[in-house]
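First, one chain by itself: the form predicted on its own, in structure tokens.
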């Protein structure tokens, strides 16, 4: 049984790495083909300045997201989710809900399989629904923009709120310090939306340290 589990994980990592390499190449080919077609290429200093401005925020976030999401969705789910995107508002809630319904843990072989299947199904369903939805709402696009646009900013907070209730209800004591800290930061410190993502590592580190201390003190 152990050998079969290792063989499965070996295949997951091998397939995931190959898929990630292919996706990165395909993504890079889009701007390269556009430059080849137009005959216009960006200058090196433009690329460097753009990468520095964006990379200072999103490179650390990319690393932190892998560390944050991987324990929740497993290895196979991590590869698939980061290839297809929409992790926080689609793939992560779907995987967590599937694990909750089946009463399995992600750090087991069954949990790995369930998480990967749920994310794969979510990807397929999302692609089909988005495609059909785009075709159906084209005649009503003006109505959608003027009437429903104000609602869109509440969709992601509502998803995270529902997801937060699931985790907080499991061990509410662990959430007290991180919740209070981030609430105070958002009220008194974080004024600009562009820097909100920078505080993701801060919240993660505080949560880990507090959880470790509370477990040592046997408060949870």
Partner chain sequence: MDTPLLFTMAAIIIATVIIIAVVFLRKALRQAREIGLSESVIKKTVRVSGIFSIVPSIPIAIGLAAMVPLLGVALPWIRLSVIGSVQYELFAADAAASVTGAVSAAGTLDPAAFNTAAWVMTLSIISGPIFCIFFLRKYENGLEKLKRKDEKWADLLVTAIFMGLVGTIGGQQIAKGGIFLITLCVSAAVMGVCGLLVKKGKVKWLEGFALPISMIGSLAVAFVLATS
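Numbering follows the first chain given and starts at 1. Superpose the two forms; the largest set of C-alphas matching within 1.5 Å is the rigid core. Computed from a predicted model, the values in this text were never measured in an experiment.
What comes next is about the form predicted together with the partner chain, which is not displayed.
The partner chain is not shown here, but in the predicted bound form it comes within 4.5 Å of a heavy atom of residue 71.
Of the heavy atoms in residue 139, none are within 4.5 Å of the partner chain in the predicted bound form. Residues of 160 to 190 placing a heavy atom within 4.5 Å of the partner chain in the predicted bound form, in sequence order: 160, 161, 162, 163, 164, 165, 166, 167, 168, 171, 174, 175, 178, 179, 182, 183, 186, 187. Shown in the overlay between this form and the one not shown, fitted on the rigid core, is a CA shift at residue 29 smaller than 2 Å. Fitting the two forms on the rigid core leaves the C-alpha of residue 38 displaced by under 2 angstroms between this form and the one not shown.
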